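Presented as structure tokens, the chain that follows is alone, the form predicted alone.
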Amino acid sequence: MPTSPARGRFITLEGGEGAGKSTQLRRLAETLRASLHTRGVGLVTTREPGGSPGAEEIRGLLVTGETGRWSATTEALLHTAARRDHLERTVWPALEAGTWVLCDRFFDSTMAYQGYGLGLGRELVETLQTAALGGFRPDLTLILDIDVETGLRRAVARHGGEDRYERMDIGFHQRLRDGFLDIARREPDRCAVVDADADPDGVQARIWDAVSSRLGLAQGRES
């Protein structure tokens, strides 16, 4: 009788605007894919909000338009709806098939952006997370930390129309950074804070050190 594949691992990248998540996710995916290939394990990369057809439609509502387009509660509800669809259609099926999943943002962003940045608070966000996820959590969350002003300068230098959050005031972005760091302090076993205020190669090395050591890849095995 054939054995079922081992459950895949779920890794998330988090951080404020301009922290370099998208760049580092591409680099990590390349290294991780090569490492997993030797074990016959696949890798899927995805993002939030988005990652499934329905969630991508909701993404357009969240990342474009005027900064005051939604209340904090409405934003949190939209993110939660997108997340549930993403999990049902993309993340959970991949993990059950034994594939690893690497995601650009996940539930910590809702807590940081809406809970801390927009002042919604932890309690309501935690209630929404429980409704959408139950007890599901990432195996590892990498939080890319960067000085707020440095990150915003980097973000402004990018081109593209998904800049609604970037245009929010400096106080919002400082609360956002503080929120991510508080999340990491609350869950040190799940979260690893990476100093993102360095050259991309240096950040990449720090990320791989965290991934390989925490998930057992440095020893050529999956812990």
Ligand SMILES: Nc1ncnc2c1ncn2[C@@H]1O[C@H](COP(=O)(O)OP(=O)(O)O)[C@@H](O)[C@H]1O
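Note that the structure is predicted; figures quoted are calculated from it, not measured. Note that residue numbering begins at 1 and tracks the sequence as displayed.
There is another form of this protein, the form predicted together with the named molecule, and it is not shown here; the text below is about that form.
Is Ser22 a contact residue for the named molecule in the predicted complex, using a 4.5 Å heavy atom cut-off?
The answer is yes: Ser22 has a heavy atom within 4.5 Å of the named molecule.
Is Ala198 part of the interface with the named molecule in the predicted complex - any heavy atom within 4.5 Å?
Yes, contact at 4.5 Å.
Looking at the partner-bound form in the predicted complex, is Val203 within 4.5 Å of the named molecule by any heavy atom?
Result yes; Val203 sits at the interface with the named molecule in the predicted complex.
Since only the chain is shown here, I'm wondering whether Arg164 would be in contact with the named molecule in the predicted complex (any heavy atom pair within 4.5 Å).
Contact with the named molecule, no.
Residues in which of 22 to 30, 174 to 182, 55 to 63, 37 to 45 have heavy atoms within 4.5 Å of the named molecule in the predicted complex?
Stretch 22 to 30 is the one.
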